[in-house]
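First comes one chain, alone, set out as structure tokens in the form predicted alone.
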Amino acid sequence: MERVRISPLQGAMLLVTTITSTAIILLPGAIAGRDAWLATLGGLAVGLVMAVTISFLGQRFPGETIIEYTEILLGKYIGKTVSALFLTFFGYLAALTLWDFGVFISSSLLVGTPMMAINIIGILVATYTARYGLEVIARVNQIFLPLIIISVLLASIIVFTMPKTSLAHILPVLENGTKPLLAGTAKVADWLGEVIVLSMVIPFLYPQKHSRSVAMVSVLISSLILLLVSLVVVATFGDISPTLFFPFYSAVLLIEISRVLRLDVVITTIWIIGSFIKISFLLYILAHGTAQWFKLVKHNFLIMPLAVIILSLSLIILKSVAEYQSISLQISGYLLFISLVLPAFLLLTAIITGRTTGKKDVK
């Protein structure tokens, strides 16, 4: 295994960036309308179950990634098939993040610029970063995540002070019944399910005994950020929130501080950096996991061809924003299957069979 070490703090910060960097712009719970904040709380409950499941697996197999111990638990052929599903998920997530990045930039900042040009620049930056490894990605993220959180807090405070913003807009609760709430909860759980990337990072944590805290704290912090953003959006737009594709960004656009400082530019810049870090991180774990799947010693030479695949997928994965909104609920089942059902099945299998790794934990 690659000689890489990151601290529990760096691991938790990477997870928070992975989950929130795109979620704060798209706000997955917005589909629940006024009840978006309730959907976030429901998603938090599911996210904590995912976090505990992944951390328990990591503690049973401290020296292995999910690609490796899946084969230990299920055998060579079934194990490789299931681990291929995880790799597909990481690749899909990277491509979807790059698509989000391209759509946002081409529709809000560089209007009229071909999405292909934007995505090429994005994947080139991510490839350059990923080649430097996990430690560099973690350190860069350690610098920028506080800026992301501060910018979100600052924007939220300012939006709440605007005359037309009122928390009274969250009422009445469950106005449209439980169906929109359940749909929003499923979408929030999808996003929090990205905590599964921890299963590729636990072997690099030092010390690994804090992996459960890393998982749970990262999900909790991510949920609190999403809860704050959902309250901002609902307090600003009320029941029209589900009609907005970038609801938090739309709220930030209403802020007028001065002609010199435009907070939407600050938020956009910080969000772009967060997206780069997320894509770089996903590209790294995809390359590392693919090398493990093929039993290869090194993974760096896989980064470029995988980057080309991710770029290609980002250009064909969805045709429009309308298509994204129409199929987002349809793919929730697949995402929850990968991030919740399969890890729970692996943990149950490990408990029943008593299987564990022979490698010792890092103290």
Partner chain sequence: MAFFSRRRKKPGRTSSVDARPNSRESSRDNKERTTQSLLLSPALEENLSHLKKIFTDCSDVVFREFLFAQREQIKLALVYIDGLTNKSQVSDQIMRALSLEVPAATDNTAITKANALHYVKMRGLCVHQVKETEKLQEAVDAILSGDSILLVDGHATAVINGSRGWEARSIEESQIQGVVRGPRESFVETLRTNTSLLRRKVKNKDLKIESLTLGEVTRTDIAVAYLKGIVNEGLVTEVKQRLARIKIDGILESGYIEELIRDNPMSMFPTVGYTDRPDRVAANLLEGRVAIFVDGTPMVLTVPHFFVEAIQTPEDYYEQSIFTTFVRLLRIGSLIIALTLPSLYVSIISFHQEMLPTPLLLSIAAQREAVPFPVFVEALLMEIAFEIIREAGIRLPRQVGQAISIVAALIVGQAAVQAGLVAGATIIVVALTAMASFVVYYSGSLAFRLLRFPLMFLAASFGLFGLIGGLIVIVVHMTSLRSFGVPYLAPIGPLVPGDLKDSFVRAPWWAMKKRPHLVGQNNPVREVSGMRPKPPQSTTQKGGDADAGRRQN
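On a predicted model such as this, the values are computed, not experimentally measured, just so you know. Positions refer to the first chain, counted from 1.
From this point on, the text means the form predicted in complex with the partner chain, which you will not see here.
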query	finding
Residue contact check: Tyr77 to the partner chain in the predicted bound form, 4.5 Å heavy atom	no
Contact flag, Ser250 vs the partner chain in the predicted bound form, heavy atom cut 4.5 Å	no
In the predicted bound form, Ile351 touching the partner chain (heavy atom, 4.5 Å)	no
Contact test in the predicted bound form: Phe281 vs the partner chain, heavy atoms, 4.5 Å	no
Segment that reaches the partner chain in the predicted bound form - one of 234 to 242, 143 to 151, 214 to 222, 284 to 292, heavy atoms within 4.5 Å	143 to 151
Every residue of Leu110, Ala117 and Arg139 near the partner chain in the predicted bound form, heavy atom within 4.5 Å	yes
Residue among Ile170, Val266, Leu87, Leu254 with a heavy atom within 4.5 Å of the partner chain in the predicted bound form	Val266
Candidate from Leu174, Ile157, Leu182, Ile121 lying within 4.5 Å of the partner chain in the predicted bound form - any heavy atom	Ile121
Sequence-ordered residues of 123 to 137 touching the partner chain in the predicted bound form, heavy atom within 4.5 Å	Val125, Tyr128, Thr129, Tyr132, Glu135, Val136
